[in-house]
Each structure stands twice: as structure tokens, then as C-alpha cells.
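A single chain comes next, written as C-alpha cells; it is the form predicted on its own.
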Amino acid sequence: MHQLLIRQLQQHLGQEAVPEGPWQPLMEAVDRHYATIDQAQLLLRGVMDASPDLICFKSAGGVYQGCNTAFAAHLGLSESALVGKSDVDIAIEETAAAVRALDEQALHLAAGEQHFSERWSGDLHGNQVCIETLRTPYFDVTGRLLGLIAIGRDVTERRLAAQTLQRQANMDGLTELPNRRFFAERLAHELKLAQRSKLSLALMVIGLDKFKEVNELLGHDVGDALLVQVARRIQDVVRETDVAARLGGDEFAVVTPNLHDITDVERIAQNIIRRLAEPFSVLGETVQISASVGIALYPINAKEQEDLLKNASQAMFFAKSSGRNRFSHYMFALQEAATHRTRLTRDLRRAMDVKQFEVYYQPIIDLRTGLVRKAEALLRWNHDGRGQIMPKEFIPLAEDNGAIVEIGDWVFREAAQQVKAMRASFHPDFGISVNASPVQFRSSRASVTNWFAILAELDLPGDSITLELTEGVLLKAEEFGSAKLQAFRDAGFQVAIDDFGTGYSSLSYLKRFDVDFLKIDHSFVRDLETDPGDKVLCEAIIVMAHKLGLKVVAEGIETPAQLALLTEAGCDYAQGFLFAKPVPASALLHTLQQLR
């Protein structure tokens, strides 16, 4: 360029060459000046090519004037092949139009101002990449716009990592539904929209019925896979405008905004219940569950987010307690029931300290001899404000908060002491059955050595106690209770299966474990006289048990006709109001003597 300037100067002077004399220093200075510019250009080119950023220069008309090595490699073109072309020449129409629109925004900026953009596009290999670009216009010394400089950077990995983090923060990792935190944000947003539009909104909380039994019977892998399928079915049923989420465990939620008619949400709830009641095929297993749905409406039932969620949950629990596989609307009565449950849970924490628990005993009759050599220990809670509370009301609460471990240890000690007393005053072979909660086997706090120490302290043999377990404990014994169960067997304890036939029965555990007794649930005995099906079931259980070398205990016997049918079927033992109601320890000896 400086040579061109010299030639122009020569033409201006009308000479073929620059003469010696006063012009010579000027020419040398010009030479040195442009040599410095050439060095600067080489340095700038080296810096540009060393940069991993994508750098290019364009004219104001969008024609490429140059680029660095990284930009050329990104396009798959050499710089010489790129210069003189526009985006229309090297990209598809849609991409070229998008890039030109961004260039136009930058070209309208003042000197020193910058325009930032970020967009996803395909690379040479067909992969989607995210490029963030900084554009700035450049001008000549007179301020005339010449074009723009664009500096881009591939931020694909950073954006994908950010999306992953956002997904992990907002989505449930198992079902890929919104998680509880993100759902709370969406619910708050929908409530604001409902407030502005003056429309109603419904919140449904969905609880799966007997999901814990599935986990205990078939394992957590099946349980997790089942939750994934449940999530898909819920999504298939709800509307596109609805928001479905997993709150945690086996609880889901659905928000139905823009509600014009309450029957709309009821129809959705019924469809959810129907779909979830259909059999699932999970990891080679056929699983049958159901769902209970609670519904709370904005603004009828609550105006605040927390209250709406609480009320829908209470309605769901009411649906479960009403028979499951149904939906229930929130009502004020549910609030009273929830308050009662909360108070009962609070009172349960202090019941042990103030000695409100008491063990009752119900005799068990040997139907072959008519003698009584056994009794079942049954816990009662003598509440100072509500009177006597039955186990079915407070045991689930104790299992939920873990208090059942301490309570169970106390019941065992009371029962063992009663065995000691009855062996001394009634019969030397007298024994007592004690119920053990599955929580006691799963809990790391529960130590069977505590119970063995109690028997050793009282100088009692292990066979003085029969351990009554639910089927779920044995079905999952390998996972959380095998060692504990074996320790009881080694100590001489007898084992009875309580409420046999009411859960997920699997006869294989009767072969794997050394079981002594099966207890026929009172629900089969209650209608024994009028329901031929119950009669057949009882007879089948008795025959099967005897084939396996087990004894059978029937509970809940209230009439002579029930007793006659069970005796005819070969039942071994019986308990129920026909013989004696549960009595406190102080009345047990007298009751036993009356039955002798």
C-alpha cells in the first residue's frame, strides 16, 4: 500500500523517481511507517488464527472480507473461498436470513457498541451446536460505516450442562415429570393467572393404593418401573394445558387451569382412576393397583397455594380411607379429620412417657382339647381425653413416625412378664403371641437382642413367645429382615402369619421359612355362615396348612355356627368374642380359669 502511495506522489510531482534531496527523508519515513503496519497486520493475523473463537469481517452489505482459521474450519471452507461471498451463498435460506437479521441490528449501532446473540444451528456433521456471537460495527477515520466484526464462540457443552442442571433441579429423575419444587412454581404461576382471569382452578393429588405392598412383594426395581408407567398414563389422560408432577414417593399431582365446569376435573379424575386400575406389565410381572384422588378448587376451597395443596392431600387421604380407587372433593369435615390426625400424632409422642399404653390379652382355644394354653397380646391406648383408642387408629401413625420401635419393645417386655406370671399361676407351658410391625424389622434401631435379653432376664425359653408377622415381612425378609427372623428361629420362637390371605400372598415363603401357624383373618370368618366363598377359602387354607405341617388359628369367632363350621373343617385353634373379649393383665388369670 505504501508503494502505491509513493507512486501517487511521483505522479503528483511529475517525475519518474523521487529525487535525492529534501524528499528522501519523507519517503524513508513513509517506508518505515508502512513496514510497521505490515508487522502489525501479521501480528493481528497470528493472534486471530491462534484464537479458538470464530472471527470474521463483513462489509456493510454482508459480504465476507476475511476470517480467522477457526471460522473457516467451522464452515468447512478456506478463507479465500469465503471472501467475496455472503451468507446466502454458503448457508440455507432460513439460516442466512437469521444471520442477516442479526447483522442488521449490529450495523445500526454506534461506534464501540456491541450486539450479543445466541442461536442453535447445525454444524458440518449435522449436529446441533449453540454459538454465542458478539457483533460490532467498524468505521473509517471519517466515521463512514464500513462493515462489522463478528466474534463467535461454541458454547454447546456449557448450554447442555446448564440444561442438565436445570432438568435435575426441576424434573423428577425417575419419571421425568416436574418435581415438587418446580411444580410449586408452576402452581403459583397458574394461581396468578386464575386470579387475573377470574376463572377457577383445580388441584388433584393422586395417591397410589397399596404401592408399598408392591415394593415389598416384588422389589424396588419393579416399584420404580411401575412409577414410570403410572406417570405416562397420567400424562396420557390429562389435557395439554394441565400440569402433571410427581410430588414424591407414590404421590402425583395435576393442576387443571381455566376450569369452567367442576365436572371437567371430575371427568379427568375418573379417567385417571380408570387408567391406573388397568393391569400393568412391569419387568415381567403383572401388577394391579388403584389410585385415590383428592380434589381442591381455587378459590372455593383455598386461595393460597399451600392451603390448596394441603386440602387436596386431605381429600386424597379421605378417598383412601373411604375404600380407595375413588376421588373425593375437599370438605371442611376433612380439615377436622386432618386436625384430629395431627393432634393424635402429637399426643402419641407423649403417650409412652405418661404411661397411657396398656396391653390386653385375648385367650386362644385349642379346638381339639378345649384347653387354653395361649393368648394374644393386644395393645390399647388409654388417651386422657378420648378414652380407649384401638390399634388400627394409632398404629399406622406410630409406624409413620418411627415410634413403633420403642412401643414394640415395651409391649414385648409386658407380654414376657405376663407369660412369666401365667406360667407360675396358671400353667407351666402357657405362651403369648406378640405382633411385630414390618417397621420393626426394617428399622436399624430395632435390635432383636433386646428381646432375647428380656427373656434371659426372666428365665423364659424362646418358645414361650409366638411372633405374629404379616405376609409382607416374610415376602421381603431377604431384603430387610432375614437375619433378624433367623435369629428368632434360632432362639426357639414360634412364628405365626397374621391376617393370612388378605395381602399379596405368595406360598413360596411358607416353604422358605419355618412357619408354625397360619391365622385366618376375621374378614373370612365374619361371613362364614352366609358366604359359600368364605367357607371354601377357610377350608382350603386349613387343608393347605395341614399339608405343609402347619397349625391354623381362626380369629374373630363370634357365633357357635362359625365355630362348628371351622371345627368341622379341622381348624386347630380359635379366638374371638364367643370365648372371651380381650382383657387387661389384671383380669387375665380369672378369664383363663373361667375357660378352663
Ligand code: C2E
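Nothing here was measured: the structure is a model prediction, and the numbers come from that model. Each residue number is its position in the shown sequence, starting from 1.
The form predicted in complex with this ligand is left out here; the points below concern that form.
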**Request:** Check whether residue 558 has any heavy atom within 4.5 Å of a heavy atom of this ligand in the predicted bound form, and answer yes or no.
**Result:** yes
**Prompt:** Can you check whether residue 498 is within 4.5 Å of this ligand in the predicted bound form, heavy atom basis?
**Reply:** yes
**Item:** 4.5 angstroms heavy atom contact with this ligand in the predicted bound form for residue 205
**Value:** no
**Request:** With heavy atoms only and a cut-off of 4.5 Å, decide whether residue 250 touches this ligand in the predicted bound form.
**Result:** no
**Prompt:** Want to guess which of 93 to 101, 371 to 379, 76 to 84, 265 to 273 is within 4.5 Å of this ligand in the predicted bound form, heavy atoms only?
**Reply:** 371 to 379
**Complete:** The one option of 436, 245, 291, 316 with any heavy atom within 4.5 Å of this ligand in the predicted bound form is 436
**Request:** Would you mind picking the one in 299, 219, 391, 462 that has a heavy atom within 4.5 Å of this ligand in the predicted bound form?
**Result:** 391
**Request:** Kindly indicate whether 362, 395 and 576 are, all three, within 4.5 angstroms of this ligand in the predicted bound form, using heavy atoms.
**Result:** yes
**Item:** Stretch 396 to 425 - residues with a heavy atom within 4.5 Å of this ligand in the predicted bound form
**Value:** 404, 411
